[in-house]
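The form predicted alone is given below as one chain in structure tokens.
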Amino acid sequence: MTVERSGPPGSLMGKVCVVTGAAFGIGRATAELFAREGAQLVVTDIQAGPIEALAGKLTATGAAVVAVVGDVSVEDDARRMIAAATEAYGRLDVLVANAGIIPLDDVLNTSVDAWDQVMAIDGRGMFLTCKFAIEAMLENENGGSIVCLSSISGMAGQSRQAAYGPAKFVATGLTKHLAIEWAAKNIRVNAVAPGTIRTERVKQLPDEPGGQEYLEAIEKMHPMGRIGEPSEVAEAILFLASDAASFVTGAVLPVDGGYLAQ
């Protein structure tokens, strides 16, 4: 299912927003929703063709969009992503720290290289983009809002997530610590914790050994009896990013069909 919002758009009207990992999945759904809500956007991804195509698509609708190709785990790239917002629009109001990878394997089959890669992208990448975003937001009188992408795997244990799960605990911890550290400067830091979402990565599972069985088992673990859609997570991100959540910081909002309530 795709969520169709009612009422006029505009909850991010004029706000300058960076969305990392925006070429596909939750990042793309968030960028598209933010554009409809009036945001001035910087969209980033490591894949040049898809992110530039997205920027072109959104620009054609009348949105203000800048695309940046880069790797969030590389310090200079992360800095450049945030600088693109201040250079193009003069400030930064919102960061959605979404970029990440999702390796699925148990600890015996997870290599050291795989561990290092997921920690670099999902962990260090989030740290770097938050760091540079906060530097930019300190220049704003009104502060800003950061939304990190955690996961149900960053709140509770799951099988086959020996590297991904711990990386998402990094996202949860970073959210809470930064929220306390910068609350006095009116910089809010929150996270969403999605359950299993129908991203490109999840769509690939039926083609992998044991993937279809794994997906069917995961669906049954969600009390609503289905997996979620990227657009449903994007709506939660929009709330946390917007002024509607002006007294919310340090929250990790499950978007999981009831998974964590069990």
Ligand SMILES: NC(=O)c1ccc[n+]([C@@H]2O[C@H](COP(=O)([O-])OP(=O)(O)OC[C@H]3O[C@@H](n4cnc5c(N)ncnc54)[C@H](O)[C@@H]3O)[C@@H](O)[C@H]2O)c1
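A residue's number is simply how far along the shown sequence it sits, counting from 1. In this text the structure is predicted, and so the values were computed from the model without any measurement.
Keep in mind that the form predicted in complex with this ligand is not shown, yet the notes after this line are about it.
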| item | value |
| --- | --- |
| In the predicted complex, the residue from Met137, Leu178, Ala163, Val72 that sits within 4.5 Å of this ligand by heavy atoms | Val72 |
| Option touching this ligand, based on a heavy atom within 4.5 Å in the predicted complex, out of Leu149, Val94, Ile82, Cys130 | Leu149 |
| Stretch in contact, per heavy atom within 4.5 angstroms of this ligand in the predicted complex, of 183-191, 114-122, 83-91, 138-146 | 114-122 |
| Partner proximity in the predicted complex: Ile101 to this ligand, non-hydrogen atom cutoff 4.5 Å | yes |
| is_contact(Ile46, this ligand) in the predicted complex, heavy atom dist at most 4.5 Å | yes |
| This ligand contact in the predicted complex: Thr196, any heavy atom under 4.5 Å | yes |
| This ligand contact at Ala64 in the predicted complex, heavy atom, 4.5 Å | no |
| Within 4.5 Å of this ligand in the predicted complex: residues from 200-217 (heavy atom criterion) | Glu200, Arg201, Val202 |
